[in-house]
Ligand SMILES: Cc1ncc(COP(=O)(O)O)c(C=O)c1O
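Below, in structure tokens: the form predicted alone, a single chain.
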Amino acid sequence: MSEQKYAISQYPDVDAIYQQLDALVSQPLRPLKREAMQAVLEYYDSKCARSKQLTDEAKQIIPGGVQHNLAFNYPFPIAIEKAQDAHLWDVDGNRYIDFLQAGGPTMLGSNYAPLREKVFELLRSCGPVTGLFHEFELKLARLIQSYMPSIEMFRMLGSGTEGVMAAIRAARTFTKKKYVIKVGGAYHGWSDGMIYGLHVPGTGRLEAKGIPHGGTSATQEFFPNSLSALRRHLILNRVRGGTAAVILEPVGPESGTRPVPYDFNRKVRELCDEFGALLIFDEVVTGFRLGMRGAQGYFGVKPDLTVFGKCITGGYPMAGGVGGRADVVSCFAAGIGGTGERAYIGGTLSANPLSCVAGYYALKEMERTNAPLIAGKAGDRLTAGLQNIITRLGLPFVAYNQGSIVHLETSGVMLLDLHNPIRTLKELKPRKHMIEEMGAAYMANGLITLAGSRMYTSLADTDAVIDEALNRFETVLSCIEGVK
């Protein structure tokens, strides 16, 4: 491997980014010109007829017409038929540059052929699931452990949400404390306790419909990057029985949409040690995307527990898990012949042969090809190009990246919070609608993003792919109101 081990070539200037983001949110919206947006809607009507037909039919039997939030886009979802490397094709034959990458896990690009062949071999010999032990469960666990020394023991599960649920249950079992503290606005899946403070900091139970108050009563949030607020929670909890764990996305909430200073994770580690709380890293996105040693290797911080998601199977199904300190993770084994108190978790399809074989060879290929670094360089190239376009067009938009995680903020909707509730309530809908329109415009110009503001680059993103994408982004951004 080269001397550089991580996808982040230079950590962003967080203070400067927040100054730009604050300036963006403090001024009026700069949406697409109405004639440009009309052309976008005409693209959908004329070029995506089959997608519209399928998703209209789906609405009759599937709530909202899609099964996952990532699949919805304005004005209607696009139905994908083919995926290969850096591109997706829809059922109408339109080709797109894929910066969604299934929400982040496909570091090798979509439908990576060498990995696909290993999965085919497994299907021919064993099939996808047996319900019993398979050798690749052990091989995958050992491989993950070899990359991340904090993983003394590892338990595979079916998703990142399940991994978070298990990590919190283990933390409470081990520490015999109940409170869990998260950063407001962070996404840690959709389990009852983690819906608290979802997406918008300070909102508490706003998204907790269908969840009894008891389901969130032991979850707390603090505003992003406020170590003093975290300390206050820890002090108060100490007199109420203590904090079981603090859980973080190590690059910041929503994959770094609100980036953290470089030393933030180290300072949280110190606070956890001071107050006897466990530190949980949610590396569903950053695990292996920042490098084979994850965000914990990059920041030089050792969490007690680490949550994984789709990254550990290269995007193949039933992908998630939790690993960490042996004395904590051993709580999961207590009901299978272990000793001590049992933290009950399950999952019939967890660690199925297909997932484990896919995960093992995906990680081996990522290491062999140096995929995290190559994807990180693609992210650098994309970000530099976007910054150049923004400057030349005189736009207030903000582009920055943490390796292969690229952010392009145009409406600032993800930067609203309850520090200013009147402005947030007034501006949330129009800013949300603007980002929906931007996402639609990108797609109409052959670019698939995550919610119109986030991109994940991969091994498949060559200089030619990135340069083509930048030309397409410029076409969209040139149509913003006020640009001549």
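When you see a residue number, it is the position in the sequence shown, counting from 1. As the structure is a prediction and not an experimental result, all values here were calculated from the model.
If you look for the form predicted in complex with the named molecule, you will not find it shown, but the lines that follow are about it.
Are any of the heavy atoms in Thr161 no more than 4.5 Å from a heavy atom of the named molecule in the predicted complex?
Thr161: yes, in contact with the named molecule in the predicted complex.
Verify the contact flag for Val285: yes if a non-hydrogen atom of it lies within 4.5 Å of a non-hydrogen atom of the named molecule in the predicted complex, no if not.
Close contact exists here: in the predicted complex, Val285 approaches the named molecule to within 4.5 Å, heavy atoms only.
So, in the predicted complex, is His188 in contact with the named molecule at a 4.5 angstroms heavy atom limit?
Residue-level check for His188: yes, a contact with the named molecule.
I'd like to know whether Ala371 contacts the named molecule in the predicted complex, with contact meaning heavy atoms within 4.5 angstroms.
Contact check for Ala371: no, nothing within 4.5 Å of the named molecule in the predicted complex.
Please tell me which of Ala378, Ala295, Ala319, Ile405 lies within 4.5 Å of the named molecule in the predicted complex, judged by heavy atoms.
Of Ala378, Ala295, Ala319, Ile405, the residue with a heavy atom within 4.5 Å of the named molecule in the predicted complex is Ala319.
Quick one: from Glu409, Glu249, Asp304, Glu221, grab the residue that has a heavy atom within 4.5 Å of the named molecule in the predicted complex.
By the 4.5 Å criterion, the partner-contacting residue is Glu249.
Looking at 276 to 284, 121 to 129, 196 to 204, 139 to 147, which one sits within 4.5 Å of the named molecule in the predicted complex if you count heavy atoms only?
Result for this chain: 276 to 284.
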